[in-house]
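Presented below, as structure tokens, is a lone chain in the form predicted on its own.
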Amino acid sequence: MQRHVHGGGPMSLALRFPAGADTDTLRLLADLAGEPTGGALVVGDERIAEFLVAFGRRLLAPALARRWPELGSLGFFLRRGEIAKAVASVAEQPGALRFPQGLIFHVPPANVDTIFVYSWALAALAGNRNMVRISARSAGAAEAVLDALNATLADAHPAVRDTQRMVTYGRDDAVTTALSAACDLRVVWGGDDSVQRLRTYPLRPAARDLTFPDRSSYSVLSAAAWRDAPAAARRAVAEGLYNDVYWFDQAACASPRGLFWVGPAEVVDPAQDELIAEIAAVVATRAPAVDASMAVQKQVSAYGLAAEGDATRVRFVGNAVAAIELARPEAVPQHWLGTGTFAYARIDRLTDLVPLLERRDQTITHYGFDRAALVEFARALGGRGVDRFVPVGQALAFAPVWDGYDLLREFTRLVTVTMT
């Protein structure tokens, strides 16, 4: 593995939040080591909660939410009621006191450029001091988030400024080594390669990693429910799939890579054609930007599956939608095919998927199934694959339980007090 080592003194880090002059690792760690104004943070600290609520309100501003719809979801996540619910989930119990982990180092991915906020917000709410590395390739929504964070800081308690840092720096062995060695918990989002690379930077013996590596996700749709659904319900399904697929360019771990129709072929075949027509209508209304390279990517991916015998039918609706009929359910792709690619297969029942799913599979979005059917499916999987089942349209709706981890519990530690 190639190392990028900086020589000649501490490397400069661009201070993104709180916005300010460039800093270096020594100053960054020294600033975070001090006692915050008003005393050390605690789990559910009101100084942090007030800041997060105010920040969330900014994200819900109509102009911002229209331009970056994913920020509206983030703003919803940071409402006062949601924050109170999250804090209540880690309330202390008799004889068990809950404290922050300490100093957390977050390394989020560049391709899902707002995921760092969810992770950071929960870690801060848990009372931790935080260092977040923002990729130099982050743009758009990430920049809007940083602008909103810094604007909210003006009226925030000084403890927020004292305990939270977001920085950008290039690949540098010395910087990552220093930040890793100083933290109590390192949170790594990204592909398998990113996780493996970060693990080569040692942690202190008492510290640990919380990793979110490559994952795959899918949708399951009841053909009978679609057949019987009114036009408004069908359009709602198409709009939900649009959000799940086109946000983050279908590159998020929770974005579905394949659709599984449950039902007989004579019902599935017309249902799939109708769904693609509905999605194409939504795309025409939303008008997502599709550049030439993305259109080529979908063509190469789709015809590549056909050449390998994994696809029996390929259809394009303009440059924005690609529909790929798979030769068999096992051919469902786990890798990214390009934004707006809908690879689909038919199965007889939900539990037919059990042999196909594995630990790397994360989210199943569903339409047309009742709770009993989904619980039966989840029990058949037995925890060896799929961490969350959510309705179509909610694939990217973040929750405090993610990838099977209860994040607030991961970001805190328990101290027990026992009496004889």
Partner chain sequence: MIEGMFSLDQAAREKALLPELVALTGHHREHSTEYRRLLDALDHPAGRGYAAVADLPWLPVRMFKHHTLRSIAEDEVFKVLTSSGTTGDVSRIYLDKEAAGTQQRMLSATIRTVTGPRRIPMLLVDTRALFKNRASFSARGAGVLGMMNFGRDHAFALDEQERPDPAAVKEFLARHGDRPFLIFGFTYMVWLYLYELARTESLDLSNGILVHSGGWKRLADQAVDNAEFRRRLATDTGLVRSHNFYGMVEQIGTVYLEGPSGGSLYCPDFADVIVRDPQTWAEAPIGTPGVVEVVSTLPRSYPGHVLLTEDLGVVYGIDDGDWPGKRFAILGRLPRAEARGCSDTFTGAAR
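Residue numbers count along the first chain shown, from 1. Note that the structure is predicted; figures quoted are calculated from it, not measured.
One more form of this protein exists, namely the form predicted together with its partner chain; it is left out here, but the text below deals with it.
A.B. asks: In terms of non-hydrogen atoms within 4.5 angstroms, which of the given stretches 92-100, 225-233, 268-276, 183-191 touches its partner chain in the predicted bound form?
C.D. replies: Partner-contacting stretch among the options: 183-191.
A.B. asks: Considering only heavy atoms, tell me if Asp361 and its partner chain come within 4.5 Å of each other in the predicted bound form.
C.D. replies: Looking in the predicted bound form, residue contacts with its partner chain do not include Asp361, since no heavy atom lies within 4.5 Å.
A.B. asks: Indicate whether its partner chain has at least one heavy atom within 4.5 Å of a heavy atom of Gln334 in the predicted bound form.
C.D. replies: No.
A.B. asks: Is the gap between Asp45 and its partner chain in the predicted bound form 4.5 Å or less for some heavy atom pair?
C.D. replies: It does not: once its partner chain is placed as it appears in the predicted bound form, Asp45 has no heavy atom within 4.5 Å of it.
A.B. asks: Although the partner isn't part of this model, could you tell me whether Pro264 comes within 4.5 Å of its partner chain in the predicted bound form, counting any heavy atom of the residue?
C.D. replies: Because no heavy atom of Pro264 falls inside 4.5 Å of its partner chain in the predicted bound form, the answer is no.
A.B. asks: Counting non-hydrogen atoms within 4.5 angstroms of its partner chain in the predicted bound form, say which of Glu308, Glu330, Asp147, Asp348 makes the cut.
C.D. replies: None of the other options qualify; the answer is Glu308.
A.B. asks: Which one of Ala88, Ala151, Ala284, Ala251 is close to its partner chain in the predicted bound form, taking close to mean a heavy atom within 4.5 Å?
C.D. replies: Exactly one residue meets the criterion: Ala251.
A.B. asks: Could you pull out the residues of 294-309 that have any heavy atom within 4.5 Å of its partner chain in the predicted bound form?
C.D. replies: Stretch hits, in order: Met294, Ala295, Val296, Gln297, Gln299, Val300, Tyr303, Gly304, Ala306, Ala307, Glu308, Gly309.
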